[in-house]
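In structure tokens, the next block holds one chain alone, the form predicted alone.
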Amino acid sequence: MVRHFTKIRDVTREEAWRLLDRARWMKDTHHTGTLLAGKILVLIFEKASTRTRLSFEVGIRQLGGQTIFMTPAESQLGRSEPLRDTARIISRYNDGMVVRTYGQATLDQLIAYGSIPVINALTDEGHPCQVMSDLLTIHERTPDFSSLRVAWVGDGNNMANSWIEAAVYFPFRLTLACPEGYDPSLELLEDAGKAGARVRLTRDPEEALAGAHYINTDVWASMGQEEERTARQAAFAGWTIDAAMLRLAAPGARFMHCLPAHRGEEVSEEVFEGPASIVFDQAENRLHMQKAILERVFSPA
């Protein structure tokens, strides 16, 4: 059976917890292995990246595998060949695909027409590897999630969507503050509520920050949204996580960001470089979590 990891819901609640434990063990033991020996994974990146590319390439090699990096400029992805044909060809040459793209439909086609595992390295709809890595970063500091308050402040983007998914499996309380017109997936919110997740949406960033133990944000305009930059800056005016905002959170609250950050926009320089910031621990943990995900995808059933 071919396994994929395109969203957090691709694993069970128990498997999600095991990923946290396994990633922590891999980090603590500096784990390397031979699970991917003799395997080649193609990294298909329609969006540029630093952390995602490096962490996956290093992780795959530490598990004994090899990588091929492919962008639209270097392949038929940017031309007229149907994606379904590309999926079938890639499957005959390689053992897995790590895909960083725009629409979720691209992943769906690669899975439908390919015959090898597909891992979601980012789409406009979700960023599951990043959020699982962020949960690892929290778990290292606060193993018991049951009393945690997590805040998301800003655009209801792919990160916000994956945080909502995570709240279904992990018992933290999630409050998302998003301006009108920048909501996360309302379908995911509804499904999370039906599943018993403690998730709510507000228009007030101060309300989301009140008593929060972990504060998350992201850039106001992601890749592909450059033409919306001026409108988004206006919509998010007053939403910067600065020292005054941070003081609304619980004592000892930590600041998180998936990077890259725009200092002076969604976060102040003072907070980003201050003692509350754990953004570089998050970045490091991409490597360890992705190795755990790779192991789950490629281990024999």
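Just so it is clear, the structure is predicted and the values come from calculations on it, not from any experiment. We number the residues from 1 along the sequence you see.
Absent from the display: the form predicted together with phosphoric acid mono(formamide)ester. The rest refers to it.
Proximity to phosphoric acid mono(formamide)ester in the predicted complex, taken as a non-hydrogen atom within 4.5 angstroms, holds for one residue of T29, Q233, T50, T34, which is T50. The closest heavy atom approach of N120 to phosphoric acid mono(formamide)ester in the predicted complex falls outside 4.5 Å. When contacts are judged by a 4.5 Å heavy atom cut-off, Q130 counts as touching phosphoric acid mono(formamide)ester in the predicted complex. Contact annotation: P260 falls within 4.5 Å of phosphoric acid mono(formamide)ester in the predicted complex, judged by heavy atom distances. Taking the partner from the other structure, phosphoric acid mono(formamide)ester in the predicted complex has no heavy atom within 4.5 Å of any heavy atom of K291. Proximity to phosphoric acid mono(formamide)ester in the predicted complex, taken as heavy atoms within 4.5 Å, picks out 251 to 259 from the listed stretches 236 to 244, 62 to 70, 267 to 275, 251 to 259. Of all the residues from 96 to 125, the single one having a non-hydrogen atom no more than 4.5 Å from phosphoric acid mono(formamide)ester in the predicted complex is R100.
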